[in-house]
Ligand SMILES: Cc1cc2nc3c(=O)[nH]c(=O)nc-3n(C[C@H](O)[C@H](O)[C@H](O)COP(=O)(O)OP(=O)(O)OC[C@H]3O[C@@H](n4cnc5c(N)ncnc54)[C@H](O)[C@@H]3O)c2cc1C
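As structure tokens, one chain now follows by itself in the form predicted on its own.
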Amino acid sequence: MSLREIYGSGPWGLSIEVFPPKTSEGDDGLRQTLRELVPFQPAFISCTYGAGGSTSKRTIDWCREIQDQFQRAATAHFTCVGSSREELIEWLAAAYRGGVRNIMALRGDPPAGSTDFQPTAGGLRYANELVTLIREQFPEMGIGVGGYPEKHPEAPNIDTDLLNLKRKVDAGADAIYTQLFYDNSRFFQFREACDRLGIRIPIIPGVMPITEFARIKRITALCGAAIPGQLASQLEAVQDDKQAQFEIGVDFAIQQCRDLLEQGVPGLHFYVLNKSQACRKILTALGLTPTASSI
């Protein structure tokens, strides 16, 4: 199923994001996670592309397994990092041969220790260039791009960031998937700003349930997302109790998702960090019933 076919015809679209493990034990753990989440019938499962393209082949391998063994459409993450234009086309061709028909097109992060993104010789600098390349070489592919309700950390201001997003949309993106956030008002403001710019493709909120406060503080520090004061205080009060952190985080995510759905979002994209428990609890609370599975 192409990304352009998922939204707007029926109930909201569910999608789940995982990453390629680095060990055989991690592979087994991810397979178990997928066995527990696939019965909720996600429209697609996306697989990330490691820093500097470090897991680029593993991304394709996992997308193939998701489609062949779990019978779900796969979306492969793809970045500009570390590759020339020719190498990017070669990777796209390999993904296409592997049955991948959806791409999450991202610029990618600067190398560790660097604050500035520098393209590889003969490579691309911006995500909108990557969208253009995909659309030129494989026009039938579905293309998702990233959006930042609280501004990309490198953007000087929100208006500049929104104009960069518009370039990606104009280049041929089919849907926008946002960075995680914990203040829904920021998402609604972002959605309204996109509408004013004439962005008409689906905007899907990215949801990362808080299961461990220390970890989420590290993640939000990197991506620039804010944790509301009341939620932070609740988590601080139980920072030595991991189960209590999990319960607070999941309860918050349930209310966050209910509010988003009531406000008419076309879908929810869950960053599950290769774990299933939190996502299963949230989806069940939202009224989704897992189907019987023989996987």
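Residues carry their position along the shown sequence, with the first being 1. The model shown is predicted, which means the values in this text are computed figures rather than measured ones.
This protein has a second form, the form predicted together with the ligand, left out of what is shown; the following refers to that one.
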4.5 angstroms heavy atom contact with the ligand in the predicted complex for Asn128: yes
Partner contact for Arg107 in the predicted complex: the ligand, 4.5 angstroms, heavy atom: yes
Contact of Asp161 with the ligand in the predicted complex (heavy atom, 4.5 Å): yes
Exercise: Arg167 in contact with the ligand in the predicted complex, heavy atom 4.5 Å: yes
Listed residue (Gln256, Thr33, Gln245, Thr48) with a non-hydrogen atom within 4.5 angstroms of the ligand in the predicted complex: Thr48
Option touching the ligand, based on a heavy atom within 4.5 Å in the predicted complex, out of His152, Arg85, Arg135, Arg215: His152
Joint contact, Ser15, Asp174 and Phe270 to the ligand in the predicted complex, by non-hydrogen atom at 4.5 Å: no
Which of 181-189, 195-203, 91-99, 142-150 lines the interface with the ligand in the predicted complex (heavy atom within 4.5 Å): 142-150
Partner contacts in the predicted complex for 66-88 (non-hydrogen atom within 4.5 angstroms of the ligand): His77, Thr79
